[in-house]
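Only one chain is shown below, in structure tokens, and it's the form predicted on its own.
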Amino acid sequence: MIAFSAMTSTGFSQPHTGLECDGVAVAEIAEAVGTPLYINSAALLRSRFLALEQAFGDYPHALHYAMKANSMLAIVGLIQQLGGAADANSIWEIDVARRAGFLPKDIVFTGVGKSGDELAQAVPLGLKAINVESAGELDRIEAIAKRLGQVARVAVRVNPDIDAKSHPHISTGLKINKFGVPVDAARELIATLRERPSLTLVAIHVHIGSQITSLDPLRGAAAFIAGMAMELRHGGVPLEYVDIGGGLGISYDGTPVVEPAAYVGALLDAVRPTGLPIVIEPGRSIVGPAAILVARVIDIKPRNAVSDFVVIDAGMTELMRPALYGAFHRIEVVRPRAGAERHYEFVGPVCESSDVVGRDRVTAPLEVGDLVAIRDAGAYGSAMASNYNRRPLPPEVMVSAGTWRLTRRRQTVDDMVALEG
């Protein structure tokens, strides 16, 4: 593992000259690359990864980065350099993980809808585990392994019926959610593995949701999986590890959230009596605050007597979360100008009324051509971007050690239509 001190992180700051990323002027990058664009802080990403890593101390564990949060090759590669592992939700994410340097033994394959083709490609790889979502999926994995003369490593994802107390669209641990196997059914499924030589059970897995900002649901999930692991051990079913998923939230609006040390401490309190290594699957908590989406003001229109619409050149095609979840992201003027603050509604250019990036915000006065930064955009921003209205995917930049480099060029229409006839 590369040794970095958490103190090396600067991230995003606003000195008197304007917004900077690790000491590099955001405006300088925007002028060189154009807008909209994503800017990532390598130092902040490192420090957030290491905050989780170091919280475990000497307890055996593995941090499998949840690639669904942001699967850009530069991001995944940096996680690999830091000594992390990978959590993939599709065979294509597995491909990206391997291109970033991860070995199959470093990858767990999750996801509620793994197709037959995906499983046919995944089983021969010898992954650390395929996290199984149903009895039918286990049958399909077994048939492939038997045909190949292999033994597939599997973990059963158990649905513990625990409320993550986050947005209902990102809750995954309730019995009304589509994810995992209900507890009693999971016990029955695991019991069948004694007579299935093409399968080996390596772990049980639980993941109750995303953007969890209180400790109780996370503590409850850890206690549940530890209790089930002990039950299985007493029944003669040993495990290699327990997988407690991810879900640790970040503060989008400045309100307090669970700190990494408290989160890991709660996991250790629950699991330590089992003696089993812990796997977690953090995503948002590592990359969320480590990127901004930079946009330029392209129009200002009256909204009402006290506020204006600010039309920017980034919207739901670059950052879907506000339209999809009503999610809040702080919006910051890159180079604030003098004058009385004003109320604005920040809207995107897409032909949808839901394309609102930020409602009822108060910032320094704006003019057409000004730059704004949408904060905490590192998770589920770039990963959910689309070509709706034939808008090109934005470029991405990584800032490291006082310099920046382009990690993805801006997409062109030629790129978009290359697969069309």
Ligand code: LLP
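Heads up: residue numbers just count along the shown sequence, starting at 1. Predicted model, so just to flag it, every value in this text is computed and none were measured.
Below: the form predicted together with the named molecule, not depicted.
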| property | result |
| --- | --- |
| Contact flag, Leu248 vs the named molecule in the model of the complex, heavy atom cut 4.5 Å | yes |
| Close approach of Tyr380 to the named molecule in the model of the complex, 4.5 Å, heavy atom | yes |
| Close approach of Arg157 to the named molecule in the model of the complex, 4.5 Å, heavy atom | yes |
| Contact label in the model of the complex: Lys128 to the named molecule, heavy atom within 4.5 Å | no |
| Partner-contacting position among Arg153, Arg321, Arg219, Arg296 - heavy atom within 4.5 Å of the named molecule in the model of the complex | Arg321 |
| Answer option from Arg375, His61, Lys68, Arg361, heavy atom within 4.5 Å of the named molecule in the model of the complex | Lys68 |
| Region of this chain that lies against the named molecule in the model of the complex, out of 340-348, 117-125, 234-242, 203-211 [heavy atom, 4.5 Å] | 203-211 |
| Within 284-317, the residues that have a heavy atom no more than 4.5 Å from the named molecule in the model of the complex | Arg284 |
